[in-house]
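What follows is one chain in structure tokens, specifically the form predicted alone.
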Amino acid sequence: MISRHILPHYRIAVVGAGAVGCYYGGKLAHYGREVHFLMRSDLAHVKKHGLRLISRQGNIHLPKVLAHATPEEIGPVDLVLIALKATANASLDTLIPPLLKPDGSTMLMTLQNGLGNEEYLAERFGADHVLGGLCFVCLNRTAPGTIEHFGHGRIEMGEFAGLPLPRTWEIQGEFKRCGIVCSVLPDLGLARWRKLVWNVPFNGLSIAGGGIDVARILADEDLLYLTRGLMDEVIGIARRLGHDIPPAFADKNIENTRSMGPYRPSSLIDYLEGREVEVEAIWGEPCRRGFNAGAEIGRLETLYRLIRRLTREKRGEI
């Protein structure tokens, strides 16, 4: 008898249906997966007009989307993709429980920036439920129910509590079958610090530089110098914490960024539109961990303090 591999049939919920959640959830739904989106501002529009993904890789229009106003409407699922901003993590305390299966098998996978997101989930729902995913993608929400994809798109993922499990490879397989480049890493902590090598300078300097895109950062001699210096500090902190990132990784990140053109990082868009910026997850927590490890953090701490003040001023707090 010829054995056949049985593909998993996941019931999936997307919590945080902004650019990231709609893009990856939309790709999964486009390939026939059962994906439920928890939405707020775009709910009525998406129910009426569907979801659009605009990309040079091919546009997608999903005319019928399983969009919901509350997690109770969705009910228990197999996999929760969490794409909320880290500033909204406190809301997960009430959003996640209705999505959990009684048998304890629900998987919680973060698709968030910065440090501390997996720890937050593990403390509340158990470390064995938690996976982390890092999204290397250029996206913006340009209109209700419309996500524009400018480039890249891969996900690096892993287990929070240890080495990859069979479920880790199953999720990777599902993502790849739906056109999402996805790799499994044995060290999620290393992956987080690799992502910060890009996020710390480009998200930060786009705000500190007066609201500029990544192309303008790269074209400015002084900002490019600061970019490389910040990258070196992040790599140094990671090394102190046991995560080895070669210095050449910074050069690779800079060269890859050149292909993005005038891309505006997500933190800049949040800042310009008056929304909360993930200050603590992207700059504050790395700074604190670097200080506690005895690493050099001079540039990072300066940027952290500056971004914190600018965002407070933008919100009218000072």
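Between two forms, the rigid core is the largest collection of C-alphas that superpose within 1.5 Å. Computed from a predicted structure; not experimentally measured. Numbers for residues come from their place in the sequence shown, where the first is 1.
Beyond the structure shown, there is the form predicted together with a further copy of the same chain, which is absent from this document and is the topic of what follows.
Trainee: Pick from D93, E72, D222, D244: which has a non-hydrogen atom within 4.5 Å of a further copy of the same chain in the predicted bound form?
Mentor: By the 4.5 Å criterion, the partner-contacting residue is D222.
Trainee: Just one of G210, P166, G104, G162 has a heavy atom within 4.5 Å of a further copy of the same chain in the predicted bound form. Which one?
Mentor: When a further copy of the same chain is considered in the predicted bound form, the option within 4.5 Å is G210.
Trainee: Just to confirm, I180 within 4.5 Å of a further copy of the same chain in the predicted bound form by heavy atoms?
Mentor: It does not: once a further copy of the same chain is placed as it appears in the predicted bound form, I180 has no heavy atom within 4.5 Å of it.
Trainee: Answer for L226 alone: is it within 4.5 Å of a further copy of the same chain in the predicted bound form, judged on heavy atom distances?
Mentor: Close contact exists here: in the predicted bound form, L226 approaches a further copy of the same chain to within 4.5 Å, heavy atoms only.
Trainee: When the contact criterion is heavy atoms within 4.5 Å, does R11 count as touching a further copy of the same chain in the predicted bound form?
Mentor: Close contact is absent here: in the predicted bound form, R11 is far from a further copy of the same chain, nothing within 4.5 Å, heavy atoms only.
Trainee: Could you confirm whether R239 comes within 4.5 Å of a further copy of the same chain in the predicted bound form, counting heavy atoms only?
Mentor: No, no contact at 4.5 Å.
Trainee: Do all of T302, L310 and E313 end up near a further copy of the same chain in the predicted bound form, with near meaning a heavy atom within 4.5 Å?
Mentor: Heavy-atom distance to a further copy of the same chain in the predicted bound form: all three under 4.5 Å.
Trainee: Which of 137-145, 150-158, 214-222, 85-93 has heavy atoms within 4.5 Å of a further copy of the same chain in the predicted bound form?
Mentor: Checking each option against the 4.5 Å cut-off leaves 214-222.
Trainee: Any CA movement of 2 Å or more for S55 between the shown form and the other one, core superposed?
Mentor: It does not reach a 2 Å shift.
Trainee: Do you see a C-alpha shift of 2 Å or more at D232 between the shown form and the other one, with the core held fixed?
Mentor: Yes, because once the rigid core is superposed, the C-alpha of D232 moves 2 Å or more between the shown form and the other one.
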